[in-house]
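Next up is one chain by itself, shown in structure tokens, the form predicted on its own.
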Amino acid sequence: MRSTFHSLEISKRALFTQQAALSTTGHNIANANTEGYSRQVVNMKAARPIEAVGLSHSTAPGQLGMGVEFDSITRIREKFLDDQFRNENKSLGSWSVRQDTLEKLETIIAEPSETGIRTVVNNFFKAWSDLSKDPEKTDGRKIVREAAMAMADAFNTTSRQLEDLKGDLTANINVTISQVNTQIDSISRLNAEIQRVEGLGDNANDLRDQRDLLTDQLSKIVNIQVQDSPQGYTITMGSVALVEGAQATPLTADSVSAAYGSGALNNGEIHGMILSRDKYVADYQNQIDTLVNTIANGEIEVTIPKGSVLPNNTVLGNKTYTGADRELKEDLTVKVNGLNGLHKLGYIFSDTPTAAGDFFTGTTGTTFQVNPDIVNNPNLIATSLRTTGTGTSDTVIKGNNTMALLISGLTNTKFTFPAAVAGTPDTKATMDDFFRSTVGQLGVQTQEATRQAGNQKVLTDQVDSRRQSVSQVSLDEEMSNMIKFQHAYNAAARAMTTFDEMLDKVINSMGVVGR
């Protein structure tokens, strides 16, 4: 015979269980817009049945049910989708940074534009061409000087902006390393807290959500592998351990550089920053340096027309030109060191035959300048390659434009650009072709980075969408559950009322005959 209050116990358990389900539904609804939150469910099961109480074992079939109870509240989440998301997220982080850097490089190079390097270089040689039409005109020399200063300033500005971009990337790397250290410290703390809570038999659902959100964010910054164990997450970056249970190993700038060099750091935002700084920015800095140094000092082949008179003691090849040999009887094709080498074969704007000096100083985009002497005195610009008279009566023909024509013709001359990588052949190209190839390379790299970043964004969003379809709170579903649990709760309460009335009849209305 069952207990008199057995039915009340069943109803009580039903009330408690449905109430827990309603509370969990409310918790889900409350966190519908919480980032990283996974919906939770109450896992109900039939309570363990009992044998009917009696002096002997009951012969009635079946067991006596004890109602309902819940054994756990779990979150709905798929590890497979989490792993997929983090795997795609790291590539998105790297390509996004690389795309951003290359777009900034395009802005710095500013080609094609009316103010870009190609324009100022063309203006410089156009000024020489204009000067060749009237080499005795003082204005023409000043225009050449100003055009040269504008060209040098364009290279200086570009180099400075590249250096600034490099510095920004270094600063961002350090900031992001601090961010990583904060995150792995929080994850290690959550590991410890989750282990403590679950050691008591509970499910630390909300703490696990917080840990997964931090792990997701971390996956965009560095390439990570995550392993779950009873001690919590073990997170590694290649062979570098970041989190092991409650222990976090902070990163430093040196350890990150070492990881990048060894290949342990091969994706994520920090990888994209280092690669952008050491590959893209460094490469374009090197190309700008190569361009300016080649303009000033790079090897070129020029043909000096016959009739030209070289400055006394000029050494070309293995021959020293002096005395009557200074005047060329035939065209002379020789190799000189850039615009400086060619300019020094001409005469400054004076009566006395005085060889010109270097036109430019500096060998990098940052140090490249017009010779300060020329800046102060444009008459030091050489246009003539002719003199008249001999000995003390030797006088420069100021109206001669041979040197001006030779320099203006350098736009079509192939310079020898040193190879960026040792062991590879040097490049022979005009200045315009070299710079156009640089700009073209930048355009292709930007296009590729944009394409890769776009593809990764689509892939990451797609995986995240699938993940959200599993874990995200659906208000429609929660509202439906709420109605379901509410009715179950009401029904349990009605059952309890019914049992209460039955007991009232037994206790207060039975056995009262003869009172």
Partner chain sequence: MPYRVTQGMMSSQLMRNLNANLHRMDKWQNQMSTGRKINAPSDDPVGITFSMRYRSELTANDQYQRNVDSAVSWLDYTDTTMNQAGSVLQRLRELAVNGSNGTNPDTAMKSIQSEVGELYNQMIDIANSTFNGKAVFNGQNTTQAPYPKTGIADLDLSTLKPADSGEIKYEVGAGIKMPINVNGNEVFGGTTETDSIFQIFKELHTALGSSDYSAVSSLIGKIDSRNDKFLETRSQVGARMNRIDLIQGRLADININLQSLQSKTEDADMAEVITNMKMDENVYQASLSVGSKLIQPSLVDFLR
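Please read these numbers as outputs of a predicted model, since none were measured by experiment. Residue numbers count along the first chain shown, from 1.
Below, we refer to the form predicted in complex with its partner chain, which is not included among the displayed structures.
Go through G238, P418, G443, G357 and name the one with a heavy atom inside 4.5 Å of its partner chain in the model of the complex. Residue within 4.5 Å of the partner: G443.
Tell me, out of D71, E114, D254, E330, which residue has a non-hydrogen atom within 4.5 angstroms of its partner chain in the model of the complex. Contact residue from the list: E114.
Report whether all of L190, Q247 and R494 sit within 4.5 Å of its partner chain in the model of the complex, measuring from non-hydrogen atoms. None of them does, since no heavy atom lies within 4.5 Å of the partner.
Looking at the partner-bound form in the model of the complex, is K126 within 4.5 Å of its partner chain by any heavy atom? Answer yes; at least one heavy atom of K126 falls within 4.5 Å of its partner chain in the model of the complex.
Under a 4.5 Å heavy atom criterion, is D432 part of the interface with its partner chain in the model of the complex? D432: contacts its partner chain in the model of the complex.
Whether L405 contacts its partner chain in the model of the complex should be assessed with a 4.5 Å heavy atom distance threshold; does it? Flag for L405 set to yes.
Its partner chain contact in the model of the complex: N87, any heavy atom under 4.5 Å: Judged by the heavy-atom cut-off of 4.5 Å, N87 is well away from its partner chain in the model of the complex.
In the model of the complex, which of 90-98, 148-156, 192-200, 127-135 comes within 4.5 Å of its partner chain (heavy atoms)? Result for this chain: 127-135.
Suppose contact means any heavy atom within 4.5 Å; which members of 470-493 contact its partner chain in the model of the complex? Residues within 4.5 Å: V470, S471, Q472, V473, S474, L475, D476, E477, M479, S480, I483.
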